[in-house]
Structure formats: structure tokens, C-alpha cells
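Starting off, we have a lone chain in the form predicted on its own, written out as C-alpha cells.
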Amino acid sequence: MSNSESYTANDFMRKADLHLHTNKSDGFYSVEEVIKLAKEAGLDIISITDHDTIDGVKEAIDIGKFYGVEIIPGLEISSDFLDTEVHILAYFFDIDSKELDEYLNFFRAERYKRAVRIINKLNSIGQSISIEDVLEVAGKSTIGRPHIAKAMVNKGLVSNYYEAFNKYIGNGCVAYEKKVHLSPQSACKIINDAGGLSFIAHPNNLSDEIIKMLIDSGIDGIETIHPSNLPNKTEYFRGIVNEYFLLECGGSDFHGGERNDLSNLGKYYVSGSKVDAMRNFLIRNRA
């Protein structure tokens, strides 16, 4: 397992995937389906980290008890740093935090407005699609570009999901619209105020300069295990973690559906001892 944390009997053979998405944001499967798939993949601990929403967390905690899978409250927040999109993973926060709820409601509204702007751009170049078409796909989920891509496929505007991104709505394309972001410092403060821990998500996508600045801004840890990492990068990020006395997380970044990433479940994970380290850090520093 070149890109996974090795584990020993001292970890009680626990495998933790701390980066999973459901259809509450841009994932394909329901909360229960993701938990069931995780169990089948041999995972003992998971965190559902949907984008800018925790709508599935309470449901996951209850369902996880039935399947014998421990659920860690999780969330993935979008931020912006030096004109670069930076994603922050949050864990162990208070799911009843009013401040966090206000932030998430704001960004849910902003995601809707962004979808409308993208649709207007598509309409301006002759692509006939409406916000109702997108809402039909998204349902009660937080709206994202994957929902627009699926709606475009349903309308026959593109032949597949990837064409929608590559030709129309991907970064820099004709109908692209940036998300409203907050700074990583603000994201970390929101997470910290809710009693949680903040981690740099998929650091392989970021420059060393940005990673260093994020560490200086008060990040708690780094996602050392991710499908985008080559084995040498995994060890590189672990070196940074050790140098700056940070925490580690990791996972498959599972979405399902068009991503065709089901085989990543059970392949990209950290040991249960990393989760224990997170808990112990909170006990020492957040009491």
C-alpha cells in the first residue's frame, strides 16, 4: 500500500478514511450507501466531508452505529489564498455550532447565485439550460458544478460529464465562474471557534510557499494521504508534519459516479492512531 498509512496491532487494525463525499454535495451516493461501501471496503472509521455542508453528518452518526463504523464529524471548506483555491478539511467540530451554521447557510446561498451566473453564461452562448434543470439534479444537495454538468448531459447539450467541464464550466472555460471564498485564516477561525481541527486538503495541488503560509496561519494538520500523491510526496508531507509538529489526516476523496473511484475505498487511509492523535490534541489544547 504505497500511499496508505501502515498500521499495527496496536492500532487495533483500524483503518480510517477521513475524506468522503455524498450526494449532500457533489458525491454520487447517499450517506447510507457511502457508509455501507466503506464497511465493505474494510474501513472502521470515516469522515463525511461534504463541500460547505454538514447536512449528512447527524444522519451518518446514527447510520454508522448500525453498520459498526465510527463517524467523525467532517466538512470541506473552500478558501482562497494568493489567487489559488485552497480547500480546508475540518474535523471534530460541534455540529450544533450557530456560527458554523450561519457560515454554511451563507455559502449555500452563494453557491446558488454562482450556479445562476454560470447558467446565464451558458444561455448567452446558445446553451439552453435553466436553474430548474439544475435543481432537478441537485435536489436538496448543496449546488455545485457537477450538478450543472449532469443537467447538461440530461439536456443533451454535451455527450458526457467531462465534456461539460472541459468545454464549458471548468476552470478558465467560457462559462466558468469563481466561487465566493473566504481566507484560510477565516476558515480556520470558524473551525476553531466550533471546537474543531483544520487540515490542508490535497496539498499536492499547492505550492510549497502556500503550504508554508497556511502553516503560519495556524493550520492544525495536513492531508498526507490522498490519491493525487505519488509515494515520494506522501513521505514529503509527513516530513513537513514532523518538522512543524502538525497532525495527519488522509483518505480517498471518494465521490463515486462519474469519478469512477470506487476502487479507492479501502486503498487510501490512515491508521486509527492518527485519529487518536487528533482527539488527544483537542483534549490538550481545546479544553
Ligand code: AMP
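All of these numbers come straight from a predicted model, not from anything done at the bench. Heads up: residue numbers just count along the shown sequence, starting at 1.
Below, we turn to the form predicted in complex with this ligand, even though it does not appear here.
Look at the candidate spot formed by 26, 146 and 179 and say whether this ligand comes within 4.5 Å of a heavy atom in all three of them in the predicted complex.
Yes, all three are in contact.
So in the predicted complex, does any heavy atom of residue 189 sit within 4.5 Å of this ligand?
The answer is no: residue 189 has no heavy atom within 4.5 Å of this ligand.
Spell out, yes or no, whether the shortest heavy atom distance between residue 39 and this ligand in the predicted complex is within 4.5 Å.
The answer is no: residue 39 has no heavy atom within 4.5 Å of this ligand.
My question is simply whether residue 121 lines the interface with this ligand in the predicted complex - judged by any non-hydrogen atom within 4.5 Å.
Judged by the heavy-atom cut-off of 4.5 Å, residue 121 is well away from this ligand in the predicted complex.
So, residue 112 and this ligand: in the predicted complex, are they within 4.5 Å at any heavy atom pair?
Heavy-atom contact with this ligand at 4.5 Å: absent for residue 112.
In the predicted complex, which of the listed residues (92, 103, 81, 161) lies with a heavy atom within 4.5 Å of this ligand?
Only one listed residue qualifies here, and that residue is 161.
Which one of these stretches, 206 to 214, 180 to 188, 122 to 130, 137 to 145, sits within 4.5 Å of this ligand in the predicted complex when only heavy atoms are counted?
So the stretch in question is 137 to 145.
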